[in-house]
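What follows is a single chain, given as structure tokens, in the form predicted alone.
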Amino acid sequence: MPLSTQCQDDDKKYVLVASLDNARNLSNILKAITFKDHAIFTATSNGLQVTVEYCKTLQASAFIQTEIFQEFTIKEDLVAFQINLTVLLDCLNIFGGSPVAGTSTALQMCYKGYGYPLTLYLEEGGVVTVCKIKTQEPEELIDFDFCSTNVINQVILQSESLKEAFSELDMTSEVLTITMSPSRPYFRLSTFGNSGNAHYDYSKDSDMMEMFRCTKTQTNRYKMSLLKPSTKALALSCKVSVRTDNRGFLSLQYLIRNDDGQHSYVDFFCCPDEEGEEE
């Protein structure tokens, strides 16, 4: 690891040090949740979680487990800060965002604690660039209270199938209606746009359906403006888990495979469009 010595001189001062041989493994995951400028970074001994919220109705989190990193050292039970996600991505791609065969950008992230910047050491082809990004005190995140014990319905699909569905549905629709049921139509996506009503159905026995577990018929509406940010994660993923709980809250969990074949997860939580249902 070319950057392994960068933080050694001040090693005792850092509460968090994380290293990657390939910075793209981090930047690709972060792109999947970049729909607002600022994000909350939360690090524990299990790994790094990056969370973005929008209007208290949508929350997206990317979790990068410790196994993804070549080095992951944390000296506190919890390390948290807020950072400009757009600036961080610009720094991670400072050598160019497109991969070149046989080359990769090595990364080492170092953080001294509250009030200090996040320091990035990036190396490619023997050239080292140092970036320091201002951090802020993290804002309190909304607890969507999405508990697995309250999940009513869940399906796991191959992502290609969901991409196909979105390409055929009318994206001018203000809402997407999701119907999940133990009987027909099983799993249905519906839109109501300029071209009229459109439905896309999945059979529980479909080749694209890896798991079907529905216990109760539910039909919920979600604002399309809230779901569109998740299409970035969909484009990068190979599988997606769709869950709804007893309140109609929606969970979309995307399985993303990085350049090294390792897996990370991106979660989106979305409130149902209750106003639309009342209308």
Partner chain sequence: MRFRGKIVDVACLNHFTRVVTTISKLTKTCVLRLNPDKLFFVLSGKVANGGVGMWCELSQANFFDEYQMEGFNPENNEICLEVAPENLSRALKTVQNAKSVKVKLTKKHCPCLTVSAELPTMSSISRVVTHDVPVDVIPTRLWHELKEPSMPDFDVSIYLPPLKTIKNVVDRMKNLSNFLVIEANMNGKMNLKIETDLVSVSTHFRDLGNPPSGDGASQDGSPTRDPHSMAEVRVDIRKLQQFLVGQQVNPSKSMCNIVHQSVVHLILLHEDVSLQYFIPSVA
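All figures in this text were calculated on a predicted structure; none of them were measured in a lab. Positions refer to the first chain, counted from 1.
Missing here is the form predicted in complex with the partner chain; even so, the following discussion is about that form.
Partner proximity in the predicted bound form, defined as non-hydrogen atoms within 4.5 angstroms of the partner chain, places exactly one of 165-173, 121-129, 106-114, 183-191 at the interface: 121-129.
When the partner chain is considered in the predicted bound form, Tyr202 lies well away from it, no heavy atom lying within 4.5 Å.
Residue contact check for Thr179: none of its heavy atoms lie within 4.5 Å of the partner chain in the predicted bound form. When contacts are judged by a 4.5 Å heavy atom cut-off, Glu139 does not count as touching the partner chain in the predicted bound form.
At the 4.5 Å threshold, heavy atoms of Phe72 stay clear of the partner chain in the predicted bound form, well away from it. Only one of Asn93, Ser206, Ser159, Gln154 comes within 4.5 Å of the partner chain in the predicted bound form through a heavy atom, and that residue is Asn93.
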